[in-house]
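In the form predicted on its own, a lone chain appears below as structure tokens.
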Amino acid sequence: MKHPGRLTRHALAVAMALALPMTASADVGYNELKKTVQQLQKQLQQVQQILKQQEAKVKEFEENTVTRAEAKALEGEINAASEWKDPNLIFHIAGYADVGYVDGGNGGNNKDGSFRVGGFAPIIHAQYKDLILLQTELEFQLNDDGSTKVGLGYMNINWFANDYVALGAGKFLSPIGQFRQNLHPSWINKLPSAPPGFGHDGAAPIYEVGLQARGGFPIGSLRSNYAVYVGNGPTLKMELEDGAFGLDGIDAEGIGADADGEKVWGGRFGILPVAGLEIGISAATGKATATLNETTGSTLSNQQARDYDVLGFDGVWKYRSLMLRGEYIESEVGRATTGSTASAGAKWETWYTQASYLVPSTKFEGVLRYTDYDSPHKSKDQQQWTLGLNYLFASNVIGKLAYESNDGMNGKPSDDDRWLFQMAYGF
């Protein structure tokens, strides 16, 4: 292919040849010839200038051709990298941690006060498209002796079947009530402690291992949410206490094996009749078997599976800066008729009411909570008033100062008053 510049030069030469006189016989004066030559020289200069401009454009085009090829390759790399902006797999890390100070309580171990590391709980989410979600929470806790306890809070895999239901399997937070599944993270809980009866060996279940369906649907103009599950259920603990050997606690923290082969069914249904108000009812039923003698630390065998029933009610109402909430949970274990170490049944019952108020145009929040917890053993019964003052450094960073006034059996931890300070951070 010929160069565009050369073609232009040939065309110019032909034009010049055609413009010159063709015969010597032409009667043209010298001045006219000189004038014609000058005009041609001027035209030639203009053509040369045009040629230079064309050559510059050709060079620029050639350079841009390389640049475009490079840009195209770069565009491919950008497109490949941009897949991370909208990938099939979304990976997310969240969680919370808290530190603090406790003065009093804990059986007298903290009478002079102790600094505390409450825990560190990283939460991992891995979602595939809009179909599958894996979520897990790890728990790191510093024990009183300085050792570290590591545990699996929960881990479950969920399938988003449609807009109204997600089906999950694994270990999950118990859907009974509100506190455990929605409020227990330290940066969400407005006080440094959980209400009595909502912790370990209390009235409210903590975790479950099994299958769960969660979701929500409209009821006319109202909204609702629900959770139903079937799981391994809890195990029971026995101990010699208060002069008698009997049921001591319910271990409802997510058992990885079902020793008695009996399942527990349960769930919660909540309805939001107006904005800011939610009311829920919870229930569970099944069987539970005693597996541990806490007095001797030995394992129990050949125990009869007992009836296990849970009933709960909860409600929360938020109006501007004021939030009121309350919850009631009752767990009951039936009698054993044959082959059991202790035949009597037992009931654990707890309820609390709580009010919090964020002072307008400030970061200060006042909290007041009352709890009444009844267990099968009077040494663990407890009535508690908790008064707290919070400072919100940010929506996910909160400093808490609280005083617990406890009324229980004299000389027992349930009767110790406490001061608590906590700094909680959600991320």
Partner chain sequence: MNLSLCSKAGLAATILTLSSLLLPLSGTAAEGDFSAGAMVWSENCGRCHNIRDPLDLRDDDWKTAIFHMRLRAGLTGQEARDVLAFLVASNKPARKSIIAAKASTSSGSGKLDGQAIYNKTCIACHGGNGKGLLPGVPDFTDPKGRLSQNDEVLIKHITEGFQTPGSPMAMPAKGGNADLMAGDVRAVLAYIRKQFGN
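Residue numbers count along the first chain shown, from 1. Everything quoted here is computed from the prediction, not taken from an experiment.
If you look for the form predicted together with the partner chain, you will not find it shown, but the lines that follow are about it.
Heavy atoms within 4.5 Å of the partner chain in the predicted complex belong, among the stretches 181-189, 140-148, 113-121, 296-304, to residues of 181-189. At least one heavy atom of Asn396 is located within 4.5 Å of the partner chain in the predicted complex. Heavy atoms of His200 never reach within 4.5 Å of the partner chain in the predicted complex, leaving it off the interface. The partner chain is not shown here, and in the predicted complex it never comes within 4.5 Å of any heavy atom of Leu389. Taking the partner from the other structure, the partner chain in the predicted complex has no heavy atom within 4.5 Å of any heavy atom of Gly170. Between the partner chain and the residues Ile255, Met155, Ala355, Ala213, the one pair within 4.5 Å by heavy atoms in the predicted complex involves Ala213.
Exactly one listed residue, out of Glu278, Glu262, Asp103, Glu239, brings a non-hydrogen atom to within 4.5 Å of the partner chain in the predicted complex: Glu278. Contacts between stretch 211-226 and the partner chain, counted in the predicted complex as any heavy atom lying within 4.5 Å, involve Ala213, Arg214, Gly215, Gly216, Phe217, Pro218, Arg223, Ser224, Asn225, Tyr226, listed in sequence order.
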